[in-house]
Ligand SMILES: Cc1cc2nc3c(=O)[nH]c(=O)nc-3n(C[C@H](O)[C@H](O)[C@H](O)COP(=O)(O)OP(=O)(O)OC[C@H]3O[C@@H](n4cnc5c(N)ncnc54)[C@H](O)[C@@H]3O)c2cc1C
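Just one chain is shown here, as C-alpha cells, and it is the form predicted on its own.
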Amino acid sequence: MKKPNKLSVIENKPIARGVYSLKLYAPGLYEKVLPGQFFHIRCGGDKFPLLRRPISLSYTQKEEGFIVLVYRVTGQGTEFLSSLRLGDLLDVLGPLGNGFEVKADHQRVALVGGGIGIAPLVELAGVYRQRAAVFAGFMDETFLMEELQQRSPDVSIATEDGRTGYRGFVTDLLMQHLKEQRPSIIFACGPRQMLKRVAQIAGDNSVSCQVSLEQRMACGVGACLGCSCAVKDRDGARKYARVCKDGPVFWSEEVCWDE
C-alpha cells in the first residue's frame, strides 16, 4: 500500500480561464511516474476534510525533480488547490493507476486530447517526440501549447469557435491524419463522447487505441469500487473494472461506450 508524501509547492499559476498548473518538488517520485498515471491529492487541509482529488500527471521536469499537474477548478476541492502558494505542503498519494503503453517499436503515434484531457498527453509527447502527431481540441481558449510544441514538432489545434487553428472537432483532424498516414497506435484523453468517437475512428481504421477515462473517485486504490465502469473481457462478456486501479488507461475496444 502506497503511503502519502508531503510535497512542496513550487508554483501554482493560472494558465487559462479556470485552469491551473501546479508544480511540486517530488524527489524520488518524478522518476517513478509514467505517462497516464495520476496522483490522489488531499484537499482542504485539516479545516475542510474533503475526499482526495485525482489529478493526472501532466509532465515531469527531471533535472529539477519537479512534477507538474494541470487541473480545472470545478468545485470546492479544486478551489482549495487553486489557493496554494509557494512553500505550502500538499498531502499526495501516488503515482497510482495504469498509464499509457510506452514501447520503443511504436514508430509513429497519434495523441488526441480534448480540454483538460490534453494535460496527461504532454509527458507522453515527450516520450515519443518526433514520432508523435499531437491533436489538441478546445472549446475556445488554448493552453499547454508551448509545452507540447517543445516536445513534438507536429501539433495541430482545433477550437470549436475557430479562434485558433481548425474550426471544428479535434476528431476531424484525426480522421484527416489517418487518410495521410497510419500510426502504430492512438492515445487519447478527454471527454467521454470524444473518446467514444476516437475509439470508433480507430476501429474503422484498424488502429490500436488506448483511452484514459475520466471518472469520479473516492479511495483511488481500488477498495471502494466507486469508480467502476463497464468493460468487456477477451470473450466479449460484460464486467466491471475500477478506473483507479485497473485504469485509468484502457484499450478502446474494452470499454462499453454506451453504458
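As the structure is a prediction and not an experimental result, all values here were calculated from the model. Note that residue numbering follows the sequence shown and begins at 1.
Here the subject shifts to the form predicted together with the ligand, a form of this protein not shown in this document.
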remark   = Residue within 4.5 Å of the ligand in the predicted bound form by heavy atom, from 199, 55, 231, 26, is 55
ask   = Of the options 205, 208, 60, 215, which one has a non-hydrogen atom that comes within 4.5 Å of the ligand in the predicted bound form?
value = 215
task = Work out which of the listed stretches, 172-180, 145-153, 124-132, 76-84, brings a heavy atom within 4.5 angstroms of the ligand in the predicted bound form.
result = 76-84
ask   = Is residue 100 close enough to touch the ligand in the predicted bound form, meaning at least one heavy atom pair within 4.5 Å?
value = no
query = Does the ligand get within 4.5 angstroms of any non-hydrogen atom of residue 30 in the predicted bound form?
reply = no
inquiry  = Residue-level contact is defined here as any heavy atom of the residue lying within 4.5 Å of the ligand in the predicted bound form; does residue 70 satisfy this criterion?
reply    = yes
query = Would residue 109 sit within 4.5 Å of the ligand in the predicted bound form, counting heavy atoms only?
reply = no
